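Just one chain is shown here, as structure tokens, and it is the form predicted on its own.
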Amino acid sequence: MSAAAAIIRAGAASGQRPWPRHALSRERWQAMAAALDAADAPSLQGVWAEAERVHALFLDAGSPLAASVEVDGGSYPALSPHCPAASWFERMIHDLFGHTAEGGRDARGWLDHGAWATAAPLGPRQAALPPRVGAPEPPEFLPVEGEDLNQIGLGPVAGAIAEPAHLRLTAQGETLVRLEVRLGYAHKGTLGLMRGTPPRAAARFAARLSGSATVAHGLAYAHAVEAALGVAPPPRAVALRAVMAELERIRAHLDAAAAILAEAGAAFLETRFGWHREAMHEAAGRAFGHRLMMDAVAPGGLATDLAADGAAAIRAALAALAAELPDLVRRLDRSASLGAGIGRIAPDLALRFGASGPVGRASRRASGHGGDARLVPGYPPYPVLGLDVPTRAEGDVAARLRVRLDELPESARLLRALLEALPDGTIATALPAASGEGLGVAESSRGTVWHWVRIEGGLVAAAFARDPDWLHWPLLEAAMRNGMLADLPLCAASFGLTSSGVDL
């Protein structure tokens, strides 16, 4: 056991379910933070806050490990000096709650771009800000030092449908010296909207955090609520949740592959992957009444059952993909150099930033579970289905594309098995008007999704959602360091990043 994990486990355990949260004193939290420098330290998954405390979630050999510390005098000891992955979370906490990460690496704003009417809207010391005259100040980026350097700003408004993100490029000729990302332009106030609502009503906000992972976010949130309240969904709901999740995974992988191939100029392959993506959308709409299957997952089970012709629609879309996928892969093999060596992420860096999904599995040394939350820590029905998780070690654009393509047949196999043995029965269990604290997980097409919720008297008192791209955007910055400017669009497409889940 690592020193950091031992410090956390020695803290008093709370009633958080299914994995307890360990309360640490300020001194023990500082000791834990210092121990995060070690090579065997647990992998940070997220940091979030409430009005009077800050929480951190780690994975220790695949096992979730949560810790918390009380906020004292408006501050708490920062994790970022020893764990750079914590930096964006600390900036978010300061904007939303007003808590200062004492000794943090970066004190700049994150979600608050200078246009909010209230400082720290979720914190205990809300304060109205003075009226602003004119436009808010432009975002502050890191200073530039050196000769023959040029800066280029991209976004947040682009000439096509693109993520609202500001990318500040510092270049020397055609070489990208530094890429810095600024998000927050899609902030929706999700955590505040969830407060004070019944858990099933709050599920609508969880489902809208990210359109590319609406099922995964809904599932992780439902797992958190069910853990907090001690509720188990019916077997049919468990199976159909997995059907939705695998259908969403296939659709998202096809979408990402089409985007990568578009940037690579492979027009025919882009078109065919796009066609199959649309077929999956249509099958989802027929099966569950919505192309994205939004609001279908609910705490306690499901809000909608599988339509009478839903299974047939899904099977038809899978059959069409299975018939053409081998030929598409062969065509891709003829362009074996597509993305090779571009945007490489070393395995050690991917591990340090808790990378998951295709980004993590394309930069992973041999592993029994491939960093897939369906297996570790695991949730029904996957442990009994069996799962082959493809991994690569190259960590470049080509590897990220190949991981996605390798996952398509496995998700199709899971879908066929689930539909073949679909249980009968009800699709939802009633939720009690009780109190509790829960942590939930789900594996999206982009990686691991975490949701935390505290329920008091049948209403959501506090919540947090951790989209995988919290930790993947910084890896894009690292992947492009000293790369070529012309490679940025292809590299960014291979990450498949979204901003909405990070912007909360």
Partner chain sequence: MTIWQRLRHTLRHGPAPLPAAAPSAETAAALAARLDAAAQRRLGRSLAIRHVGAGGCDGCELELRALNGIVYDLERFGLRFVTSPRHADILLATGPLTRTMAEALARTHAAMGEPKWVVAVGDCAIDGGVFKGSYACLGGITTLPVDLVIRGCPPTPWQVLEGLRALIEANATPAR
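Residue numbers count along the first chain shown, from 1. No experiment lies behind these values; they were computed from the predicted model shown.
The same protein has a further form, the form predicted together with its partner chain, not shown here; the description that follows concerns it.
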Work out which of R331, R108, R105, R416 lies within 4.5 Å of its partner chain in the model of the complex, going by heavy atoms.
R331
Answer key, its partner chain contact in the model of the complex at 4.5 Å (heavy atoms) among D72, E324, E180, E394: the residue is E324
Although its partner chain is absent from this view, report whether Y185 comes within 4.5 Å of it in the model of the complex, heavy atoms only.
yes
How about P156: is it within 4.5 Å of its partner chain in the model of the complex, going by heavy atoms?
yes
With a 4.5 Å heavy atom cut-off, would you call T170 a contact of its partner chain in the model of the complex?
no
Would you please decide whether W88 lies within 4.5 angstroms of its partner chain in the model of the complex, comparing each non-hydrogen atom pair?
no
Would L193, R204 and R208 all count as contacting its partner chain in the model of the complex, using a 4.5 Å heavy atom cut-off?
yes
So if I measure heavy atom distances to its partner chain in the model of the complex, which of the stretches 223-231, 405-413, 159-167, 142-150 falls within 4.5 Å?
159-167
Those residues of 482-504 with a non-hydrogen atom no more than 4.5 Å from its partner chain in the model of the complex are T498, S500
